[in-house]
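Take a look at this single chain in structure tokens; it is the form predicted on its own.
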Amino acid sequence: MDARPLRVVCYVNQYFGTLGGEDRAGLGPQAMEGAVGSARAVQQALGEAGTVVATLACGDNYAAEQPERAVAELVRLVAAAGPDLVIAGPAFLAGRYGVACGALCAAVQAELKIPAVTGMHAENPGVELYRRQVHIVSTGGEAARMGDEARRLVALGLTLARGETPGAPAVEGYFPRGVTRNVVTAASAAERATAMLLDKLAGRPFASEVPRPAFPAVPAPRLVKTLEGATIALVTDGGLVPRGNPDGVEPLNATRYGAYSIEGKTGLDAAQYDNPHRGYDTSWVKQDPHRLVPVDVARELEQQGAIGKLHETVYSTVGVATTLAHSARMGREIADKLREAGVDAVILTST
């Protein structure tokens, strides 16, 4: 990027564009010359580094109710302004606004190859939808500190517009995007790991280099029947399938699951089963499928009266590298089928 001031386009909703409140939320996309509304804070933060050549505005309802049309119209307006950088928002906790900011930034980057940045609160739904595609600066929940938030958006935006690589999310203040980069450090991996362990044991603060994802806690439901009267199902994410894998369950990053009858079977014949799972050594399961899906022991418990009944369908998928979204969807679908069949409890086996 040369030394000339950057051309910047800002995107705002009807409220931050001073066009009205909820009564004007149906306004379609429009372009206004220069910095208007909250875009003035962006212009102030830019200083001599750039000029807001246009402010684009769109009503929240318009953007939410016809998102594809709204984004397409806004992208055309961005292209007409010829900017070096697009700054959307910040949207704070405004959900419709945040989703629109994320969608526009993603489209501008993909279609126009122009860097874009936005900002919003961690609980804004736009964060989870677009943080992997777009640099989203973490902001507060309200616009009381608009000037400070605008300065942070501008700082990251200038880095992107200059073709520079931003620092780590914790340093630059944007949400992690799931991107891993190699960096050179003075201490070896063993030294860093040992230092973190010692800090943890001593109760000192430390930061992991591989942060763990935060999954919502799911309380285990209580079994309302005794085991002697309960119908029990076997479900696995360890990848057991009949020979030929008739449902095409993927060996990793699965999107499918299979439902396989065990009616009339007291066990599983290894010659009739296979396992495409690529996350562990499946040879032991191929030798004896009961190491993963214990139909044999479950039948014994059924015959002994320790459980009421073994459900006659086994559900199976592959868990390795499967996204949380697909896992949740398949789990819901399987759970619905089990409830419909009158199943009281599930034994879920893994690798």
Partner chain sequence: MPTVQVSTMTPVAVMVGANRIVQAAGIIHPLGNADLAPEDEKALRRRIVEQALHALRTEVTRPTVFTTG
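Residue numbers count along the first chain shown, from 1. For clarity, a rigid core is taken as the largest C-alpha set superposing within 1.5 Å between two forms. Since we're looking at a predicted model, the values are computed, not measured.
FYI, the form predicted together with its partner chain isn't displayed, but the following is about it.
Contact annotation for residue 69: none of its heavy atoms lies within 4.5 Å of its partner chain in the predicted bound form. Taking non-hydrogen atoms only, residue 222 approaches its partner chain to within 4.5 angstroms in the predicted bound form. Contact annotation for residue 292: at least one heavy atom lies within 4.5 Å of its partner chain in the predicted bound form. Mapping the unseen interface onto this chain, residue 227 counts among the residues with a heavy atom inside 4.5 Å of its partner chain in the predicted bound form.
Of the candidate stretches 101-109, 71-79, 214-222, 148-156, only 214-222 contains residues with a heavy atom within 4.5 Å of its partner chain in the predicted bound form. Among 25, 330, 343, 19, the residue placing a heavy atom within 4.5 Å of its partner chain in the predicted bound form is 343.
The contact residue chosen from 65, 312, 33, 288 relative to its partner chain in the predicted bound form is 288, the criterion being a non-hydrogen atom within 4.5 angstroms.
Residues are counted as partner-facing when one of their heavy atoms sits within 4.5 Å of its partner chain in the predicted bound form; in 73-100 not one qualifies. Core-superposed comparison between this form and the one not shown: the C-alpha position of residue 33 differs by less than 2 Å. Residue displacement note: residue 170 has its CA displaced by under 2 Å between this form and the one not shown (rigid core superposed). When two forms of a protein are overlaid on their rigid core, residues whose CA moves 2 Å or more are considered shifted, and residue 342 is one of them between this form and the one not shown.
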